[in-house]
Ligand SMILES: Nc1ncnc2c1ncn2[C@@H]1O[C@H](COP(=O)(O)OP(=O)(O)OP(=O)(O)O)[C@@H](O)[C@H]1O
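In the form predicted alone, a lone chain appears below as structure tokens.
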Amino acid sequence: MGLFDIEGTKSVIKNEEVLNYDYIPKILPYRENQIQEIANSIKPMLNERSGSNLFIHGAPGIGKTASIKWVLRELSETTDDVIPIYVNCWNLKTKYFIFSEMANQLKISFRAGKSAEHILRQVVYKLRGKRAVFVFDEIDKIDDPDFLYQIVSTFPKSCIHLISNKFDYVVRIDARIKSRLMLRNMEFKPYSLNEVYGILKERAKLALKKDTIETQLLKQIANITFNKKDVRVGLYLLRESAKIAEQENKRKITKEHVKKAIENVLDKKPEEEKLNKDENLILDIVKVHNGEVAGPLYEIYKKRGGELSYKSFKRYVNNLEKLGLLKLELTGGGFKGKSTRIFLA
């Protein structure tokens, strides 16, 4: 049998997409109230009135992004007069990249080298006569929130929704921006254990073939997921368990498959799946040299093939701290002056 022969292999997974963290199901259980509140903030715009600006916050992996995307999908299927624009600021940290993403979603083409303000003017022209819902997810990752003042000033009849894992993010925004935004606070509470189990049970039903995982194993995964307070962990465990079962050419997921999945997945945070090559390299180095000073870590990074300057290296380290993956502790003198001791969070 060749390496890539699939004839005769057992299949456990029916639809792997359902187990992806960014999959939006047709029914989003246990978030009906939040979905309704988000929809209510947009509804007035359908009658040419102003919508409400929201600050949506809560721990990672509890349905914030899924809920907003569910509403935006429904909106796009209902009307062409209110345009949904969703931007994830994880890797789009400057207003140039944010405005460029907005332009891309509106199918606006522009030559490279144009300024952020030029791109915004193109967006304004494209949206003339219409209203928009601007959603900025992971807003705490941006370099400078001043672009929000431009958005709220340029589109006064549209609404803005900010999403963050950090409940105190708005406190740190400039008062001038806060006074223009007039954000209404909306908190997402963690799922209960029964809700976690219900979510995973429904996803398993859609993603896996019938009778491939026993109730007891699903409850075990639900317990781990509840303790981690992140539904994405459960989705990863389901997916990994199913893949291991298929690799072993089994028709059902066993206790051993779940155990292997736990070992494979739970030593890696969901945030790590979004990291680029250099961020992964830095994290790998800190795992081996936990608590080392930034300068020596940078030298190790260079020896491992890293190409960033020291300034960029520090910027990446700071970003990993924002993501909750590293912890920084200021020291006295060090590499190029004052330095920082870097720990795994």
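Because the structure is predicted, anything quoted here is derived from the model rather than measured. Numbers follow the displayed sequence, beginning with 1.
Keep in mind the form predicted together with this ligand is missing from the figure; the text below concerns it.
Using a 4.5 angstroms heavy atom cutoff to this ligand in the predicted bound form, all of Y23, R31 and V231 count as contacting. Between 310-318, 292-300, 60-68, 42-50, the stretch whose residues reach within 4.5 angstroms of this ligand in the predicted bound form through a non-hydrogen atom is 60-68. Of the heavy atoms in L235, some are within 4.5 Å of this ligand in the predicted bound form.
Although the partner is absent from this view, S158 stays clear of this ligand in the predicted bound form, with no non-hydrogen atom inside 4.5 angstroms. With a 4.5 Å cutoff on heavy atoms, Y191 counts as touching this ligand in the predicted bound form.
With a 4.5 Å cutoff on heavy atoms, I199 counts as touching this ligand in the predicted bound form.
When this ligand is considered in the predicted bound form, only one residue from R203, K95, K243, R131 comes within 4.5 Å through any heavy atom, namely R203. Using a 4.5 Å cut-off on any heavy atom, none of the residues of 69-96 reaches this ligand in the predicted bound form.
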